[in-house]
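The data below hold one chain only, encoded as structure tokens and taken in the form predicted on its own.
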């Protein structure tokens, strides 16, 4: 199969039906908010012009999940592991920022060999789609642009067709069907122009470009942290909406007589007062310390650990912040 292929928009539904015969399909839906859900019929899918309000993260790291359950029996306890890794997934319609965020989540979650995350990520095929135009909060161009480094297939709207870039052998297998056609050099040029126009618009709005692994560590005592601490509500919305934040708390829940229960994990937030509370002290009691930790975790600690920024420029934290904190403004001050 030629690397340059395209698919007519009129045949996209047939392609998705084919996928659903062999995989579990997740794609964007629009209800009260836009998010990725399991698709039972292609008519449910809403192909948005830009990113969804909720990222891909809940598919692989749910807000709440059971790790194992137990119940007491006469001669001891029965323990049931809740690990389930049998689902072969296709993620369709993801934008570049969300696909890039999975690479970051993989680094953190796979490093600790988390079996629950790993079982959901296993055998996942990614079919992304280029943004038509950005949201006002987007700044993905600060981290490489709209198209991620790794994907299986990538679609770009070029009129009556989607230009299809093939990024893996698994993707190549999916397009070996009569639904696809060979793309021309003119089709490729239209794709390239489409991406360049959208990225230029993002750069014009975002007004921020980060150099590779720019050193911000010397800003630890900068007055910006006091300023942000004074206005931050410490609500944790920015953590919970972020596609790369991965902190969680583990809790045991039992019934009243202790004869049965389960161990669960739930998302946690480093902005919350209790996050850094230990039996000895709370070592990030002040809000300025918690704000600083979040920024350092994205732009300093991740660079030291993995040689990358743990932010993809999706802008969800900007949209969700009730205090009006814009992470782009923070970064402009830190790198100047």
Partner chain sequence: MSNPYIPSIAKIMDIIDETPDTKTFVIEPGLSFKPGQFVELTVFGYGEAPFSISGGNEDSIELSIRAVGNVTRKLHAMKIGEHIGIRGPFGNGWPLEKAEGRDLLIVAGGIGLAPLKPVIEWVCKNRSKLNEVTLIYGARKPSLLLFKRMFEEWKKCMNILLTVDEPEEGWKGEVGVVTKLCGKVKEFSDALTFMCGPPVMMKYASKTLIDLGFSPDDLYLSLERNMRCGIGICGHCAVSGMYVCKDGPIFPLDEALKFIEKPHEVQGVLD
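Positions refer to the first chain, counted from 1. Note that the structure is predicted; figures quoted are calculated from it, not measured.
Just so it is clear, the following notes concern the form predicted in complex with the partner chain, a form of the same protein that is not shown.
The partner chain contact in the predicted bound form: residue 278, any heavy atom under 4.5 Å: Looking in the predicted bound form, residue contacts with the partner chain include residue 278, since a heavy atom lies within 4.5 Å.
Residue contact check: residue 85 to the partner chain in the predicted bound form, 4.5 Å heavy atom: Answer no; every heavy atom of residue 85 is more than 4.5 Å from the partner chain in the predicted bound form.
The partner chain contact at residue 190 in the predicted bound form, heavy atom, 4.5 Å: Judged by the heavy-atom cut-off of 4.5 Å, residue 190 is well away from the partner chain in the predicted bound form.
4.5 Å heavy atom contact, residue 212 to the partner chain in the predicted bound form: No, residue 212 sits far enough from the partner chain in the predicted bound form that none of its heavy atoms falls within 4.5 Å.
Partner-facing stretch of 193-201, 90-98, 257-265, 151-159, counted where any non-hydrogen atom is within 4.5 angstroms of the partner chain in the predicted bound form: Among the listed stretches, the partner-contacting one is 257-265.
Listed residue that, although the partner chain is not shown, lies within 4.5 Å of it in the predicted bound form (heavy atoms), from 178, 186, 75, 136: By the 4.5 Å heavy-atom cutoff, the listed residue in contact is 75.
Heavy atom within 4.5 Å of the partner chain in the predicted bound form - qualifying residues of 152-179: The stretch does not touch the partner at all.
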